[in-house]
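Shown next as structure tokens: one chain only, the form predicted on its own.
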Amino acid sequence: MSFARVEEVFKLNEGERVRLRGWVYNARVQGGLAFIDLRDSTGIVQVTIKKHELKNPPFESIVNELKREASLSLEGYVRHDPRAPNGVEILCESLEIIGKSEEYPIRKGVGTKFLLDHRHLYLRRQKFQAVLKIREKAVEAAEEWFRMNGFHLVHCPSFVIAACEGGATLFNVDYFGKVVHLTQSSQLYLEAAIFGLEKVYTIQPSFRAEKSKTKKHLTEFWHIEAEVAFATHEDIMNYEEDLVSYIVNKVVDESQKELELLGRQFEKPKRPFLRLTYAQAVELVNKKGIKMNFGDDFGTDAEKLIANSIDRPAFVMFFPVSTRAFYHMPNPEDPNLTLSSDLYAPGEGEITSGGQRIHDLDLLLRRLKEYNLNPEDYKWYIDLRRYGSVPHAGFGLGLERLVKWITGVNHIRNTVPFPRTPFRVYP
């Protein structure tokens, strides 16, 4: 008989035999009776061990080994009992301790730092597993959407010589005696790929050396990025809306068990998404009591205010040139603004950033000079504008921010197995 998963037990009939293996989530011993909450990646089931029914090994030999997180395999039969969790239990006839467990350190009352220091054990928590399963589902949905819409997957380098977003947020790395950087974004390389593949995407880590203590920043995060040839700013916003809607809808439809475990009632986002100009967003922030000048970037409080003022995702469009990176296309109606946008999730804040890229050689060279960037560092990127350049646009979606919005966890570090922040690289 092969081993079953815990979730399969609840579909079995009374008296059916079953073999299980997993870990002790909890154990209680009362005289000649023991109750085990056995967990695996699919759920938890109650296992009842009666001294006179246990055929192997002797009851006394295993009682002291039934500690939390001990791993074991067992065989028994199904019994339906309304007193058992979810109405089903396993009456155990034989059991083997695979791996003994010492006194498990994670328990009620331990602090956040302790849990972060023991992240390698924290992954065993059922609610955290639910978050990671939703994260997995979000990636699966993103990949499905890209394939259905004709995008090609491109893997881009992590070692780069030039900044994409800003030199102040770069991690420097000694690369055989030469200083290079960890990538902030794969955008520039994806732009190169559109001239061969037209519609491209990647899902891989990006790195930002920002000493931020907010609940939505990591120094290493997973980036869902895409670039499209012959696309406008309007086109890329439509792509973003469709992708985000597809991901969220798939999670809501297929991850109800995990959302319920997290106590999260999450509704599918209304469409069409809202669209605000940067000027309108600044006006809203000032009306709500946060002083902000035109040309400023949105701080944490302003971003939160905007997010709490919308009932569905909203694009904030046409940021001033002073707030955007060198590659953003100027708005033809006002060259002091850019054809760029950030997508805000209600109650959460910015989850994507995108826009149309500069495709004109002379304008790109002018922008590099205005931003005091060395054209030699971007020689290959400039080359793209010399040989059949076309209008194009793209965006980047922060996976952890998306998962934080969907799951409702209180901190972005709880959306990734091993978070990296300015103050944590262990474990």
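The first residue of the sequence shown is number 1, and the count goes up from there. All of these numbers come straight from a predicted model, not from anything done at the bench.
There is also a form predicted in complex with adenosine-5'-triphosphate; it is not shown, and the following applies to it.
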property	result
Proximity to adenosine-5'-triphosphate in the model of the complex, single hit among 348, 241, 165, 75 (heavy atom within 4.5 Å)	165
The single option of 136, 117, 96, 210 touching adenosine-5'-triphosphate in the model of the complex, heavy atom within 4.5 Å	210
Any non-hydrogen atom of residue 43 within 4.5 angstroms of adenosine-5'-triphosphate in the model of the complex	no
4.5 Å heavy atom contact, residue 199 to adenosine-5'-triphosphate in the model of the complex	no
adenosine-5'-triphosphate contact at residue 183 in the model of the complex, heavy atom, 4.5 Å	no
Touches adenosine-5'-triphosphate in the model of the complex: residue 340 (any heavy atom, 4.5 Å)	no
223, 401 and 412 all contacting adenosine-5'-triphosphate in the model of the complex, non-hydrogen atom within 4.5 Å	yes
Region of this chain that lies against adenosine-5'-triphosphate in the model of the complex, out of 170-178, 213-221, 246-254, 118-126 [heavy atom, 4.5 Å]	213-221
Residues in 360-399 with any heavy atom within 4.5 Å of adenosine-5'-triphosphate in the model of the complex	396, 397, 398
